[in-house]
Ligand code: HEM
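Only one chain is given next, in structure tokens, and it is the form predicted on its own.
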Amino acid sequence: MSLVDPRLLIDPLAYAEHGYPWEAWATLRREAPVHKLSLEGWPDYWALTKHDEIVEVSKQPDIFLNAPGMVMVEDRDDEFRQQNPIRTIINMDPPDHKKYRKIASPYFTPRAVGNLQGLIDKTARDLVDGMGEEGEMDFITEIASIHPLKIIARILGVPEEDEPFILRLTNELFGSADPELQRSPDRIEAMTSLFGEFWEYFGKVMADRRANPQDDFASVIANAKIDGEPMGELETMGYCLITFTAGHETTRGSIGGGLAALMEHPGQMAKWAADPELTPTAIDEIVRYVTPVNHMVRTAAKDYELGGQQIREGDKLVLFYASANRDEDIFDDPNSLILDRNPNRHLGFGIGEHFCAGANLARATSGALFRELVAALDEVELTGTPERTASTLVPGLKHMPIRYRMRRRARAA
């Protein structure tokens, strides 16, 4: 008998119903940090729940591969993955990964993101000002989704009028197992249709940027070269896909989950409001506490002993970052939100070769919004039960009804 119910760790519907399986992860960290699990309809896998083993695996990309897939999917979904070989840098291994990552790296340095700060700050300020003096809203759909959407849209050359269309595609992609968000109960049919729409839309954007280059990331992708040759179409679409969907969904998760955490820790919210300079450490603590990207998968390229267990070539290992970010051996009081936590060795952006290329942008985007929110909010409370997306990869909140009242603030002219 398994130490934990394997469904709680890997079934998207379990995340929607129960949330993150904190108790199950705590049991595995304590009793079996590298533990083999089986669930009917899914491939067998090793669950990695402690910080040290996840770091050990992440720093050896030649042994633990991202290909053929970096997320867990049901056996029935392998057909779609095999038929749709779109390539993203997250799915690449050495030496390709380094070559393709170099395309994005210059655009997401602290200096480059600093050039976007005016746009980021204005978008955050406009959204918070638009909340008015008091009211009720679904914070996820009206604020948390919209702020990163607008930033990523500008980066990828998506006009404002097309933002709802792109948001729908993103929701359908990450919520493919969610009855509310999925395009169709037939997962292969739904994903084939979704990718077709995505490909058609961004194919036109890429063609335009090749003909009319601009000062945006869409032009960088459209005109990128690998080994002196134009980047292939599969990789080009992969870049558009990962930049828009992953860049949006993960930041939305941090913002939504972050406000929920601050409501649970009102003293921390007050501390942040009194000291805006706390923002850099506060954002990293929110990413640790929320961990929007729940897991990634690696496939062993050879036999390897890990945590006292014998991993065999071809075995799948699931790296549960959310569990590692509550590891009692790494973090003091790991289940509390401590905005000035230092040091903070969280794995919310991954580690090693696949450390999130957009981490600087994610920090800047969520940081700008939270600076506005904590300064403005006088009172905020839930008016209903938050709902979580049925997803194993990014199981963030999809609805969070709140009631709020703002404090009076003077705005510079």
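Numbering starts at 1 and runs along the sequence shown. Computed from a predicted model, the values in this text were never measured in an experiment.
Keep in mind the form predicted in complex with ligand HEM is missing from the figure; the text below concerns it.
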Whether Ile90, Ser254 and Phe355 jointly form a contact site for ligand HEM in the predicted bound form is the question; each needs a heavy atom within 4.5 Å.
yes
Any chance Met296 has a heavy atom within 4.5 Å of ligand HEM in the predicted bound form?
yes
Consider Phe349 of the chain shown here, and say whether it contacts ligand HEM in the predicted bound form, taking contact as heavy atoms within 4.5 Å.
yes
With the cut-off set at 4.5 Å between non-hydrogen atoms, does Ser323 touch ligand HEM in the predicted bound form?
no
Should His97 be counted as a contact of ligand HEM in the predicted bound form, where contact means heavy atoms within 4.5 Å?
yes
Which residue, Ile242, Leu194, Ile330, Ile166, is the contact with ligand HEM in the predicted bound form, using a 4.5 Å heavy atom cutoff?
Ile242
Listed residue (Leu259, Ala222, Ala246, Ile140) with a non-hydrogen atom within 4.5 angstroms of ligand HEM in the predicted bound form
Ala246
Would you point out which of 296-304, 333-341, 118-126, 195-203 contains residues with a non-hydrogen atom within 4.5 Å of ligand HEM in the predicted bound form?
296-304
For the stretch 265-291, which residues lie within 4.5 Å of ligand HEM in the predicted bound form by non-hydrogen atom distance?
Val287
